[in-house]
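The chain below stands alone and is given as structure tokens, in the form predicted alone.
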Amino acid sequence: MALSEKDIELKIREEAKKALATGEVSCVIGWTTTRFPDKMKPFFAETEAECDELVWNKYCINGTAKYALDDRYPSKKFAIIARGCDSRAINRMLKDKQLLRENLYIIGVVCDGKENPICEECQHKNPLTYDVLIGEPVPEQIDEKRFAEVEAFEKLSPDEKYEYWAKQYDKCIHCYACRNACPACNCVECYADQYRTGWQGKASDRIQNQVYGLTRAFHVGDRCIECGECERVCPMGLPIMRQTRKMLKDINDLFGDYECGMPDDAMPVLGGYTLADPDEFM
């Protein structure tokens, strides 16, 4: 019998208290309420009493894993409440050597989807990496329409494609919210923050915005876990996932079925090469 939202919430609080009670965990990263009933926010429970403020409902949308980077070298473990997408983000950051597994205590929760459009496309509702699991695992699903939007867009002419993206990046305000929310954007210092002659410009205009957007897309292209946080947090409504999914589709077309953040030893396809790579220059 599937657990109700309230049952899951109570079990989350119970496991969070257990983790803090050991003294090995400094805080539990999850969600709590705001003054708006349909808005939850990330929350760091540092005491057993604060664990009673942790919640689980359809508005727990924010990714939790990225917050572990706020302290890359903690004196104690972090506990993280992780859904399927959050666990993929953790796997991604572990492979990027941005986190150490021994510094994490992962409270996995089987997710039934949240009030977020991208959740409808989720292929991994079960956490892929965890120390304790809450909820009964559900069958994994394959999204047959994963690249449908990209395939439709590919039918446009080059001029139509350029005009579309030019208009999109005209709206960009260079706030870097997409980068800040993305678990694949985990460099200690982002190239966009560096000041070098001829490097990434800081002006918010079409050219600089396009350079930033395309460069970020290539940086995360084979490392994107498809959580959609970049697009969700964009204040200007840029369809960022359409751009990233184009790269993921090309990767799948060239190298076969590929998903990032899986619990395996596979390297990102753009992070290495073999003599069998399908390019003439190889």
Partner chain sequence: MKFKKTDLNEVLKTLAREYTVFAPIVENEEKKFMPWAESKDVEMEGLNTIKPPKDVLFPNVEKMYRYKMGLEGFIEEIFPEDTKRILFGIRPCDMRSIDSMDKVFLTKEYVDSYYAKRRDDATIVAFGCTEAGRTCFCESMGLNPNDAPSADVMMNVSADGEDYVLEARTEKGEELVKKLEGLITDGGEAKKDTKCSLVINKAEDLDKKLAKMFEHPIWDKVTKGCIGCGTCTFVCPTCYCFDIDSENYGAEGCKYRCWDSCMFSDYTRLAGGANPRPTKKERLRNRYMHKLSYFNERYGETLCVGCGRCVEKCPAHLDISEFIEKASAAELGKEDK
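What you are looking at is a predicted structure, and each value in this text was computed from that prediction instead of being measured. Numbering follows the first chain given and starts at 1.
There is also a form predicted in complex with its partner chain; it is not shown, and the following applies to it.
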{"item": "Proximity to its partner chain in the predicted complex (heavy atom, within 4.5 Å), stretch among 132 to 140, 107 to 115, 151 to 159, 171 to 179", "value": "171 to 179"}
{"item": "Sole residue of E120, E144, D193, E102 within 4.5 Å of its partner chain in the predicted complex, by heavy atom", "value": "D193"}
{"item": "Answer option from K41, K249, K58, R242, heavy atom within 4.5 Å of its partner chain in the predicted complex", "value": "K41"}
{"item": "Exercise: V233 in contact with its partner chain in the predicted complex, heavy atom 4.5 Å", "value": "yes"}
{"item": "Its partner chain contact at D52 in the predicted complex, heavy atom, 4.5 Å", "value": "no"}
{"item": "Contact test in the predicted complex: E48 vs its partner chain, heavy atoms, 4.5 Å", "value": "no"}
{"item": "Proximity of D70 to its partner chain in the predicted complex, heavy atoms at 4.5 Å", "value": "yes"}
